[in-house]
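This document starts with one chain, in the form predicted alone, laid out as structure tokens.
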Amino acid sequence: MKLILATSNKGKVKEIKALCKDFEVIAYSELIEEFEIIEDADSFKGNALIKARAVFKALSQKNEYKDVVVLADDSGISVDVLGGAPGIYSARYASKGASDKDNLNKLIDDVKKSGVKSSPAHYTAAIAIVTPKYEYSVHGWMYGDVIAEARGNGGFGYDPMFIPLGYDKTLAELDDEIKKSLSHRAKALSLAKIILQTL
């Protein structure tokens, strides 16, 4: 089965490909030109569905892609001391079009400004699947703490400041296999795979 990802984020594409080896995983930008998708829902699930529907619609206008299955992920980090921010704005926390590094630095600064060295936090991943007949969505979570500094060179996004529950290293310092077993996206994808296998 060809699984089309409604993302061109290289970190996400690599992670989803590694977790979905039973499927042929292709970023939509390999098939059609990238286009802007306005994510204006008030939840991770809502934004994941917006992305999956937009890419499905764009692909289905071309005959060769009429029966595709599109998978979209919307994910982010919520920090307790910041009232749940950045939440659904995680990808554009520093500004629209901000780099991972800009977002990371802003979150570190905001945690420092709140006067703490660490705070409970959690990652959420919502995955939407859109097919010619049905729409589905699933969620996965990962809990832990954020720290007011960056440690480690692995991963992407906010990984250098997030320490998963039960560990003393950040996601950017942990081995890839450990990270995969803890990942919010891996948990959501394991549920998504059950749906995909029934299609």
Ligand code: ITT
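Note that residue numbering begins at 1 and tracks the sequence as displayed. No experiment lies behind these values; they were computed from the predicted model shown.
Not on display, but discussed next: the form predicted in complex with the named molecule.
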>> Check residue 156 for me: does it contact the named molecule in the model of the complex (non-hydrogen atoms, 4.5 angstroms)?
In response: yes
> Given that the partner is absent here, does residue 187 sit within 4.5 Å of the named molecule in the model of the complex, heavy atoms only?
Replying inline: no
>> Would you classify residue 100 as touching the named molecule in the model of the complex, given a 4.5 Å non-hydrogen atom cut-off?
In response: yes
> Is there a heavy atom of residue 8 no more than 4.5 Å from a heavy atom of the named molecule in the model of the complex?
Replying inline: yes
>> Under a 4.5 angstroms heavy atom criterion, identify the one residue in 135, 173, 149, 39 near the named molecule in the model of the complex.
In response: 39
>> Considering non-hydrogen atoms and a 4.5 Å limit, which listed residue (91, 121, 129, 111) is close to the named molecule in the model of the complex?
In response: 91
> Since the partner is left out here, which residues of 48-87 would have a heavy atom within 4.5 Å of the named molecule in the model of the complex?
Replying inline: 51, 73, 74, 75, 76
